[in-house]
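Here we start with a single chain on its own, the form predicted on its own, put down as structure tokens.
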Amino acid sequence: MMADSSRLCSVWLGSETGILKGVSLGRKQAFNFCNTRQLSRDQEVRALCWADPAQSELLLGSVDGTVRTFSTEKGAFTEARRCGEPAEGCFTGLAALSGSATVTCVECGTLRVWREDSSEPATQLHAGQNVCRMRQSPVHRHKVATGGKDNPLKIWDLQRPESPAFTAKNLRDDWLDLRRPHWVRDMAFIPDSDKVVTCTGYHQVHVFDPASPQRRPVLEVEYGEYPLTALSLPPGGQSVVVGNTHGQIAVLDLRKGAVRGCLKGLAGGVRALQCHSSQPVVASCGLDRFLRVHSLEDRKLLHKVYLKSRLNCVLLASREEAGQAAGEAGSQEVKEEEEDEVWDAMERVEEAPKRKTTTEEEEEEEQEEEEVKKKSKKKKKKKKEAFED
């Protein structure tokens, strides 16, 4: 893969097959940045983040516990280091700190801070069992949030990792005085505030305010009937985009708790969402193998790219695409395909009508004769009753 093609990519995605995919929306091209002949399920990409503010490097977390570094300028992987074991579970989050430090979190709840010059973690803490997601604050990068199944939202200050800076309280009991379970699937820090918004496996959206005296949600909204799997905040932070396991994406107002609108076109569960940092667009990916980019202003589908494998994570580049030509991408280039074009190009096969067997024909004739006999009996009965009257 040539380096100049990677600089054209405006969307980056990680797949189940371990392939890092880059998509240039402006040139309508997609590229594979892995050796497709040596793929393994152990290389499945479960987490993806930028390694530096200049967005010149990516960090990829694989199922086998390896964190790989990809240079978007060179168009190649430059480093790989072991940051966990497969027995601990998959990566639920990656983050980069100043000073070339990396933050990792796995499903068993182990959160570690790794320095570039050491093979042992500089900081290690336990965030509880069954962690589903870890997210970093875009403003205070030393703060991260974690949460999972029966594991409430926690906010950690990595400069003081002895205990969480904030721990959410259990939800209020329902009208039958029964405990309401919680299942945090994703979260995000609301800009220009200390608030955190979460989505749950029980189709709820919660807003927590660590500055508030109460540790319960200050806002609670329900959307749909299916588990919510991902969320992202558009510029401004006054709304949130959420997706669920049935391919439904909605924009919710965080001030009124109402649904602003829905984004259509998905055919599978949503695994990742990301809104652009400055443009009113959102990228989504999931089980149907398509990358979709929707406009948040009129909710129209702007781009749809078929990428051949199930997608786990998506990352939007905030910088503009480079202007130089991409060159030939070799055998690893993947062209953009529209769903309608794929089906139109297929040869149409019409199934010939099934010919009835002799036995089926005889059975149908017997049924018709029985119906005729029944009708004639009814007519005779009616005539007899009329004659007696």
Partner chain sequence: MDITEVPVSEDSKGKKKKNKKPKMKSKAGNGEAEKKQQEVVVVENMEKSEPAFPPSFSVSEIKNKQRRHFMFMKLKQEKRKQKMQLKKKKKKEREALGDKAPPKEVPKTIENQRVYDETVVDPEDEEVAFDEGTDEFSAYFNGLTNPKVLITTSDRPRGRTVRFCEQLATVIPNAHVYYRRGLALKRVIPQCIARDFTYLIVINEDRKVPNGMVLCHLPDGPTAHFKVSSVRLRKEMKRRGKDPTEHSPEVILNNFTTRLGHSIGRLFAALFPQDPQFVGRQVATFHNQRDFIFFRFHRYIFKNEKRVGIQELGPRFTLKLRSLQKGTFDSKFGEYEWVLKRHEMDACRRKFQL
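Numbering follows the first chain given and starts at 1. This is a predicted model, so every value here is computed, not measured.
Unshown form predicted together with the partner chain; subsequent notes refer to it.
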Task: The unique member of Ser137, Ser239, Ser309, Ser232 whose heavy atoms fall within 4.5 Å of the partner chain in the model of the complex - done: Ser309
TODO: Heavy atom within 4.5 Å of the partner chain in the model of the complex: which of Pro121, Pro227, Gly109, Pro152 fits that? Just give me the one.
DONE: Pro227
Task: Arg185 within 4.5 Å of the partner chain in the model of the complex, heavy atoms - done: yes
Open item on the list: If we define contact as a non-hydrogen atom of the residue within 4.5 angstroms of the partner, is Ser40 a contact of the partner chain in the model of the complex?
Closed with: yes
Open item on the list: Taking the partner chain as it sits in the model of the complex, is His276 near enough to touch it, meaning that at least one heavy atom pair lies within 4.5 angstroms?
Closed with: no
TODO: Considering only heavy atoms, tell me if Ala127 and the partner chain come within 4.5 Å of each other in the model of the complex.
DONE: no
Open item on the list: Partner absent here, but in the model of the complex, which of 240 to 248, 208 to 216, 72 to 80, 110 to 118 has residues with a heavy atom within 4.5 Å of the partner chain?
Closed with: 240 to 248
Open item on the list: Just to make sure I understand: among 280 to 299, which residues lie within 4.5 Å of the partner chain in the model of the complex, judging by heavy atoms?
Closed with: Leu287, Asp288, Arg289, Phe290
